[in-house]
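Shown next as structure tokens: one chain only, the form predicted alone.
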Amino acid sequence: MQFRNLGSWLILGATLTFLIGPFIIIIFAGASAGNSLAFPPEGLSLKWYLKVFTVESFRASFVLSMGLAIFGTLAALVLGVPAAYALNRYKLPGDEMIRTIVAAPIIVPGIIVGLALLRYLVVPLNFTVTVALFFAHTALILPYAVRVVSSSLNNLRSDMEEAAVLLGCSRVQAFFKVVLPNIRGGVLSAFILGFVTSFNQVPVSLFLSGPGVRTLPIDMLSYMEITYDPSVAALSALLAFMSVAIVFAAERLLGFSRYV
């Protein structure tokens, strides 16, 4: 029995090391006192963590990524919540095919999605890079919005909505007065999942980014092609902390794991 417990602890420790190890490496690599990216670090210093706030391209790309993540997720929810409601409450012809089509952006490799959007949004329609990125991020987040909101609707009794209709509400009024307030946890969870997914998105953004208009992950890749200092590791550590903090807060406040 003791040997079995020891084996379980060893497996758990190895799994945690595999998952958390890369984060520990970038945290200490970003805290290096040296001038090149290396691990173990050449002494410890916070100068590279402070430097990331002084790099103009990082600030501009952070604002762009934040705007895309927020407004792209909101647009995906505006489209995804009614879609999830229709798929959950009504028997639609070909509903399984519709679900598959909606999930296509996360099933198809991101490189293919990025190339397709470049070919059919930017080239023939002459969309600006920012507009193309907005449409791309909205399309990528939409499947998550539909899936998470659908999970929340599955946990909501349909007779509550029917009771509101019998008491005089229209279907639209019943949706906004009964359904939406009861699935707000799922909607907020979908927003957080979409925000994190959009902010850290790379393959599609790589195809659609242009001169002077780059998301933060793409700007970090471009920065590493020119400069190999620890500032990218420091910025990566800060972004990792931000993502973990957002997901942790969502789990504590909303029970995030119930919906995904």
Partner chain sequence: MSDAFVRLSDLTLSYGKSVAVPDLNLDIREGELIALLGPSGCGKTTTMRAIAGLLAPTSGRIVIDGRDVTRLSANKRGIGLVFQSYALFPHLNAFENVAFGLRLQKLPQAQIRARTEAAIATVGLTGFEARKPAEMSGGQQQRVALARSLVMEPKVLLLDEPLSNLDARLRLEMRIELQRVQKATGVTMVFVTHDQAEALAMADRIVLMRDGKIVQLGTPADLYDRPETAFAAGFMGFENILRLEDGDLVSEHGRAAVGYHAQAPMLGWRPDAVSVGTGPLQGRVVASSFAGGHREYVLDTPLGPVNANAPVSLAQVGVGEQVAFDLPLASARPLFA
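Numbering follows the first chain given and starts at 1. Since we're looking at a predicted model, the values are computed, not measured.
From this point on, the text means the form predicted together with the partner chain, which you will not see here.
In the model of the complex, the partner chain sits beyond 4.5 Å of every heavy atom of residue 106.
Taking non-hydrogen atoms only, residue 94 never approaches the partner chain to within 4.5 angstroms in the model of the complex. Contact check for residue 154: no non-hydrogen atom falls within 4.5 Å of the partner chain in the model of the complex. The shortest heavy atom separation between residue 88 and the partner chain in the model of the complex exceeds 4.5 Å. Shown here without the partner chain, the chain has no residue in 71-97 lying with a heavy atom within 4.5 Å of that partner in the model of the complex.
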